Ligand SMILES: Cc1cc2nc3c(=O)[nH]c(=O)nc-3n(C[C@H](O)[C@H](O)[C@H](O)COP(=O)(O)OP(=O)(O)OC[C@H]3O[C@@H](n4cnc5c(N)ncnc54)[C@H](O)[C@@H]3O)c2cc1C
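A single chain comes next, written as structure tokens; it is the form predicted alone.
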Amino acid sequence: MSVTADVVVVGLGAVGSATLHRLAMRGVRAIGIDRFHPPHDRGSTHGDSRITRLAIGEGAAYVPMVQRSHEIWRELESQTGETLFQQIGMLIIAEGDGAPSHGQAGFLGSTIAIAQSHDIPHELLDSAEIRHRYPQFQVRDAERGYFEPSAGVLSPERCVAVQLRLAQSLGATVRTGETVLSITPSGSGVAVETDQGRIEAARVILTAGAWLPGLAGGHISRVTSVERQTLLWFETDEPELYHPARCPVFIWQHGPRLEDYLYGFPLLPGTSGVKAATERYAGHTHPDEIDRVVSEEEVRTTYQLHIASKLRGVSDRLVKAATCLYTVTPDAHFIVDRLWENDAVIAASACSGHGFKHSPAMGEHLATLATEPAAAYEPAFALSRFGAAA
């Protein structure tokens, strides 16, 4: 037998859990579906920690979104008593304006310009000041820093769990361990076929992350790729240097290439290692075929190239490792667009490695798009920017 709903959300990671919560807040009959059991480690929303920052070097259009997200994180904390956002500051280090990152040729310069134009409190530090304040970072003389005190770290698994729990308390249905097989027109709405039945709904919102290209097909599958990333946690011989009171989250662009990129976190409560990760765009993969084992060679190479000469007191003794998936677009910007002319299917994904910080505001926006006919889509996130669909 089929089930009916106003809106079905497919994929309950960062954006999907936020969307389901915001729909439930509006009193919408909403069903959320995930093929796994969120929060889980199969997609892009895991790994103990995510950076959030207000000066979004990827583009000024993201600033209102992350500002709203910070408000929502605090609202959720007030409602639940959970700690979701630790404001410990962020340091970006680079030489000159910095290497390319997330679609920006000069990421540090772009970050500074956006901070200045939006009156976001920050400090600019030379190499001597970085060494004085943060001796754990072994910077070169030509490197400089941008420090943002309002930035910090989010707990991704906790954020997802809180929003799903609140959504259910408001009447939303969460169906996990269920795989969507097809989405087809049905009357004026849509039919969602899963491996456990059929759902009839007025709207479907696809927030399936790395599974979106396969689920949506068509134009989205041609303009996105799924990239495997690794997350590593190392022991430190000088833990006092990596206490959150002395060490902010950090982004370090230590060379001219896209691959010359390191980001990391201090010793956060409940963790026993300094988390450090890079970003790789060398090999496309399928989310069901990804190699989830991080090899010794990957650990050794990452440590030697990105950590050994840069993070004082961080040893090569691995605490744990994990993989993560990026769904990326050619310009590293998001996709938020209707897939059908009647707005019955909306897709949101391809956050290109910088999406988690925006997820609650994105969920709020998607809930608005699904329930308010006059709501406007953001042109910068439209599929049409990649040309007409073939």
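Everything quoted here is computed from the prediction, not taken from an experiment. The numbering used is simple: start at 1 and walk along the sequence shown.
Form predicted in complex with the named molecule: not shown, discussed below.
Within 4.5 Å of the named molecule in the predicted complex, a heavy atom is found for not a single one of L170, A216 and G363.
Here the chain stands by itself, but in the predicted complex one stretch of 228-236, 105-113, 197-205, 292-300, 228-236, has heavy atoms within 4.5 Å of the named molecule.
Distance criterion of 4.5 Å from any heavy atom to the named molecule in the predicted complex singles out H40 from the list H40, R26, R29, R68. A single residue from the set S272, Q79, Q304, T179 has any heavy atom within 4.5 angstroms of the named molecule in the predicted complex; that residue is T179. In the predicted complex, no heavy atom of G57 sits within 4.5 Å of the named molecule.
Proximity of Y263 to the named molecule in the predicted complex falls within the 4.5 Å heavy atom cutoff. A residue is said to contact a partner when one of its heavy atoms sits within 4.5 Å of a partner heavy atom; A370 fails this definition for the named molecule in the predicted complex, lying far away. Although the partner is absent here, Y326 sits close enough that one of its heavy atoms falls within 4.5 Å of the named molecule in the predicted complex. For the partner-free chain shown, A350, C351, G353, H354, G355, F356, K357 of 340-362 come within 4.5 angstroms of the named molecule in the predicted complex, judged by any non-hydrogen atom.
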